[in-house]
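Here we start with a single chain on its own, the form predicted alone, put down as structure tokens.
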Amino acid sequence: MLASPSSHSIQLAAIKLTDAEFRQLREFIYAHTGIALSEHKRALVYSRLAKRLRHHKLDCFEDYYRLLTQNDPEGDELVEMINCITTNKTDFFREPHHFRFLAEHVFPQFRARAGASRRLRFWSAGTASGEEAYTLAMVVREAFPLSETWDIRILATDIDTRVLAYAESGEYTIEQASRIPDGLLRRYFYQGEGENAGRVQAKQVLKDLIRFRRLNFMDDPWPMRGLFDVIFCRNVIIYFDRPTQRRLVERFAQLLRPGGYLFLGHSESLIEAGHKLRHMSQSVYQNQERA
């Protein structure tokens, strides 16, 4: 016998997201995340935030906005709202030309640094579920022979706490791992057995290189204490408006060491970030400042 839908489910199905409510939420989301939502994202906002109304047993989006702005002193619901609204799409070895450029052009420069410290810092900004960070770790282990004796760290950040927890676990389905070459998959991942069949688990040799942390690009200042040799921020800034894109790229440039590299997504271009970044390859830029 089929269960009858609850009265609240019926109520929720009848809820409308009014123009005023959508405008309020859109402005609130922009202020706290920098994400610019156009009118055609209205259905997305409705579908993703409706679950928060259901969770709190609220009857309208105006009540939810009031919760966010007046009854969330610790910011817990703000975090949940951000987790719902952000889009997390990534893959292992996505845009593989970037990793070839890293191995063939960037790493040889690092190895040839005369008198430089044996220290490298990478940042996977907007790492989502972590595939980019683990790909970077594999490329470092494979293409940088000195990785065992150098001090190398990969910072992986995202605004979404749930995907960060997933990334830190290092566990993926076989389908998610399908783009990892077989040799690398055997070398750097355990194959699940029994109840974990169909899944893979990143080995500690990769995990030791990566630190996962929450970061909101709108925070000022960012908590980093040093400069990076390589920053990956790919297919992230497309979610921001042009002024925010420009500010973000400028901030990335300020965090690059002289000679360091910024990798953007294939659909993204450098947004007037001054003259210190020079285009080197497809969506790859180098800080031209001298040490």
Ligand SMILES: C[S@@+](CC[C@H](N)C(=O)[O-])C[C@H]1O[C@@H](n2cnc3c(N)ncnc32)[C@H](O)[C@@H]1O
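Computed from a prediction, not measured in an experiment: that's the story for all the values here. Numbers for residues come from their place in the sequence shown, where the first is 1.
As for the form predicted in complex with the named molecule, it is not shown, yet the points below apply to it.
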query	finding
4.5 angstroms heavy atom contact with the named molecule in the predicted bound form for L215	yes
Contact label in the predicted bound form: V236 to the named molecule, heavy atom within 4.5 Å	yes
4.5 Å heavy atom contact, A128 to the named molecule in the predicted bound form	yes
4.5 angstroms heavy atom contact with the named molecule in the predicted bound form for T90	yes
Residue among R199, R94, K207, R141 with a heavy atom within 4.5 Å of the named molecule in the predicted bound form	R94
Answer option from A156, L120, I159, A137, heavy atom within 4.5 Å of the named molecule in the predicted bound form	I159
Stretch in contact, per heavy atom within 4.5 angstroms of the named molecule in the predicted bound form, of 223 to 231, 43 to 51, 66 to 74, 239 to 247	239 to 247
Partner contacts for 31 to 51, taking the named molecule in the predicted bound form and a 4.5 Å heavy atom cut-off	T33, I35
